[in-house]
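So this first bit is one chain, no partners, the form predicted alone, shown in structure tokens.
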């Protein structure tokens, strides 16, 4: 019994209280809580409550701004460059995605890039906002250098996630949300915190050699691109990671690659570059959602290679996790993560703490 059940409302209010305790504006604290809870609800535990201490530290040390709002500094009918003013990533992300969707509604597409931003949670949170308006959403961000490029042994790229969300019929959708590294760093951290080995192909040691020891990856090593080593196509993930930099760091004029601050080291502002795109299918061929429905059904109805293990499409595993949470009545968290965050909250004088009495069987 290593997990406990916590209501979404309990996690939401806990995150908000912790952020307000270190000086964040209530509206900004809510924006952060919304995306972190959404991450956990969808099963992306590496980008939910597990990340709260990082945001608390950023505000507490004043390396991330707590006052102000994002500002548009260059704009056309379809594009915009935004200064995130070093605010919390979700505050910048919501502002930019709203602007992209407004432009897409007016002219068919909105392409907004931001500089001066910070870590913003799961990329899919922003791309999925477009689904509410029957649009396609795309979101990308650069991050601190955590990934070792193919043939290298130094971290020069971030996990640089890509998310694409496309609407289908009756509320169905395609939601791709992926790091361009084999996994997100949070997954390595969770295994390390639990004392577990990581699968081969997730990370490498300080010499660029694939390792299953999370401590070697976290101290001197790094993540590897999607595909792992060169022989198994890691150079493709390496290329995708650089592509994200083209749309983020290069277009936004933010920091990029190894120039971004070291992960969790708050010696300078992050100044991340991020890209938010909204596309209105109505400006293209008619029947978009019908074709999406057919394509999703085509793949979901394929005969599986292994009986009882159905073929799924991007977003299906998250839907399964959300259904499980709904049936349980809350989100199951690993007790070690909850205890860690409760200890942090005690130091901040936050009360009440997250409850741990509702045990969930593994």
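Model, not experiment: these values are computed from the prediction. Positions refer to the first chain, counted from 1. Take the two forms, find the largest set of C-alpha atoms that superpose within 1.5 Å, and that set is the rigid core.
From this point on, the text means the form predicted together with another copy of the chain, which you will not see here.
- Relative to another copy of the chain in the predicted bound form, residues 41, 127 and 221 are all farther than 4.5 Å at every heavy atom.
- Though another copy of the chain is absent from this view, in the predicted bound form it lies within 4.5 Å of a heavy atom of just one residue from 145, 214, 186, 149, which is 149.
- Checking 270, 166, 190, 101 against another copy of the chain in the predicted bound form, a heavy atom within 4.5 Å turns up for just one residue: 166.
- Comparing 226-234, 93-101, 262-270, 117-125 against another copy of the chain in the predicted bound form, the single stretch with non-hydrogen atoms within 4.5 angstroms of it is 226-234.
- Interface residue remark: residue 328 is not counted as part of the site for another copy of the chain in the predicted bound form, having no heavy atom within 4.5 Å.
- Although the partner is absent here, residue 249 is a contact residue: one of its heavy atoms lies within 4.5 angstroms of another copy of the chain in the predicted bound form.
- In the predicted bound form, another copy of the chain sits beyond 4.5 Å of every heavy atom of residue 35.
- When another copy of the chain is considered in the predicted bound form, residue 303 lines it closely, a heavy atom lying within 4.5 Å.
- Interface residues of 76-90, taken as those with a heavy atom within 4.5 Å of another copy of the chain in the predicted bound form (partner not displayed): 76, 77, 78, 79, 80, 81, in sequence order.
- The rigid-core alignment places the CA of residue 115 less than 2 Å apart between this form and the one not shown.
- Positional change of residue 229 between this form and the one not shown reaches 2 Å or more at the C-alpha, relative to the superposed core.
- Here residue 88 does not count as shifted, since its C-alpha moves by less than 2 Å between this form and the one not shown after the core is aligned.
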